[in-house]
Each structure stands twice: as C-alpha cells, then as structure tokens.
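Given as structure tokens, the chain that follows is alone and in the form predicted alone.
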Amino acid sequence: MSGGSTEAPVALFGGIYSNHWALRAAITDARTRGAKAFYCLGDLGAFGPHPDLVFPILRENNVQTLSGNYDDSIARGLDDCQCGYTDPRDNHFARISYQYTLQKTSPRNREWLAALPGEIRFVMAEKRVLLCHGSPRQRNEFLWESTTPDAFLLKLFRNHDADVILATHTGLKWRRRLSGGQLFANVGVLGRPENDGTTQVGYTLLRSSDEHGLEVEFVPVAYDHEQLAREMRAEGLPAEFIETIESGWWTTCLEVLPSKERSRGKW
C-alpha cells in the first residue's frame, strides 16, 4: 500500500496492545509537536483490556494502519498469535493474551483487520519510506539492535526499494544510520513500557533533517497507567501483565530477548 507523498512530521505507533489510554495520549502529544499524519505499525491487541476500544480512536483520527501478526491472526481466527516465540513460558502467556483478544474483538473489527495492508509506503523529503511490522520480508521477524548486522539491513534496503525502513514487533526501540545514508528504526511499542522501570510508553516522530533528509525522534508518553491496570484486573488478565504496566519491568516475553537487551532489564 502506498500512502503517497508527504513533507510534514508524522507520528508512528508500534504495538498498541489494546492500550487505548496510551493511544489517546500519544495522538494528543504528537499533535502538539506538529504531526500532521499518523501511522500504526500493527498489533492492535494483546496484553491489555477491551480491544474494541482501540478501533474507534484509530478511525476518528485517521491513523493509517498496517497488519501485524496479531491482527492477521485475529482477522483469520487462527489458533495462535503468530508471535514467533519458541520458549514455553513466552508461549503460555502469548496464548492467554491472544485468546482473550480473539474473544473480545467484534466481528466488525475483525473484518476491518482483514482489510489491512501488510506494508505502507510513502515519500517524504525525497526519501522512500517503508513501514512494516517485523521486517519487510517477514511479519513476525525479530530484529534486535544487538544481533542485526549492517550487511543484513543493507540487503533489506536493496531488496525492498527503500531509503528508510521503520518496523516494530520487538517492543524495544532502536535506530541505525547505515554507510549509504539509509535509516532503519524500530519505533518501539505504545502498549506497554520498554522494560526500563518507568511507567511511560513511547512513540516515534519522523521529521525532515537538513543533514540526512529524514531523522527519527523517540518520544516518551505518560498516560493513565493506573486506570489501565484497574481495567486489566477487572477483566481477569494475568497479574504478570498488570505488574509490567505498574512497574515498567517486563515479566513476560523475556526469553526471546538477546542477552544484551535482557541485561538492561530487571530479570
């Protein structure tokens, strides 16, 4: 899917994970920073409560959205989230969050998910921008800062005709400028903290740069995490999910982390 050409700053939201409180806060914040367009890179549901509350916010604010692994699974009613985990504990909690989201997503919104594109492209500051979920080649590919070599990224840029590639899926933001000027960035996720001991979440701004044409800015966002935690408890979601929202430390999805990324966390 092509989003046309744009020169205004744009806001990019990684996995929302049913965190409707953070989504509203991020859209409001991005507008104050001059954002004129909004993009979601997929995974609308997962850890949080009331997944149907996210959809009207996206529609009312014209947030252009692509399909993450969660969205594809929910749309097709698959048995699992296609998250890409291999550890039994990671998969245990993934099954809980996926089954909850599947049961709580309305048929109308499942149809909406089914129509989402796998990628979005646009031109900004004469740069070809490609938005995807995990990577341009695989929706649920984990690209970690510590284990992704430059040569691999350069191949992605060549094979997919892009100057800027923006992805999510891992839950951890990072960026890298390559020798040819190409820019890769993981925009992070909006739905839960970044395993850093703070309750803030974050999104990414893409803006014009005199030096490089385009650059990314990672923006922290405070929101009513206490209310989100209350809603999670009322819905009977796992205590481990709620602890992450209240403490800022991941309690699940840890086994997939490379050693360097995991060493930054509490566990």
Partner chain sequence: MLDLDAPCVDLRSLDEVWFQVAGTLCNLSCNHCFISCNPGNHSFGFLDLAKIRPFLAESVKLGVKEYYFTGGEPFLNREIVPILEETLRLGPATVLTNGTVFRGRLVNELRRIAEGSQYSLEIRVSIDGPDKETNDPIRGEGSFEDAMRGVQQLAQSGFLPIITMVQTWADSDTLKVLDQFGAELKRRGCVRPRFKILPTLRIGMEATRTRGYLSEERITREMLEGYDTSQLICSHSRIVTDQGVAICPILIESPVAHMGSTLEETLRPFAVDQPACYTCYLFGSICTNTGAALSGRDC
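Numbering follows the first chain given and starts at 1. Here the structure is a predicted model, which is why all the values come from computation and not from measurement.
Heads up, the form predicted together with its partner chain isn't pictured, but that's what we're talking about next.
Student: Would you classify Pro107 as touching its partner chain in the predicted bound form, given a 4.5 Å non-hydrogen atom cut-off?
Tutor: No - in the predicted bound form, heavy atoms of Pro107 and its partner chain never come within 4.5 Å of each other.
Student: Quick one: does Ser179 come within 4.5 Å of its partner chain in the predicted bound form, counting heavy atoms only?
Tutor: No, no contact at 4.5 Å.
Student: Taking its partner chain as it sits in the predicted bound form, is Glu145 near enough to touch it, meaning that at least one heavy atom pair lies within 4.5 angstroms?
Tutor: Contact check for Glu145: yes, within 4.5 Å of its partner chain in the predicted bound form.
Student: Given that its partner chain is not shown alongside this chain, does Ala151 nevertheless sit within 4.5 Å of it in the predicted bound form, heavy atom to heavy atom?
Tutor: Ala151 belongs to the contact set for its partner chain.
Student: Can you tell me which of 183 to 191, 118 to 126, 134 to 142, 99 to 107 lies within 4.5 Å of its partner chain in the predicted bound form, counting heavy atoms only?
Tutor: One stretch meets the cut-off, namely 134 to 142.
Student: Taking its partner chain in the predicted bound form, which residues along 191 to 212 bring a heavy atom to within 4.5 Å of it?
Tutor: Going through 191 to 212 in order - heavy atoms within 4.5 Å of its partner chain in the predicted bound form - there are no hits.
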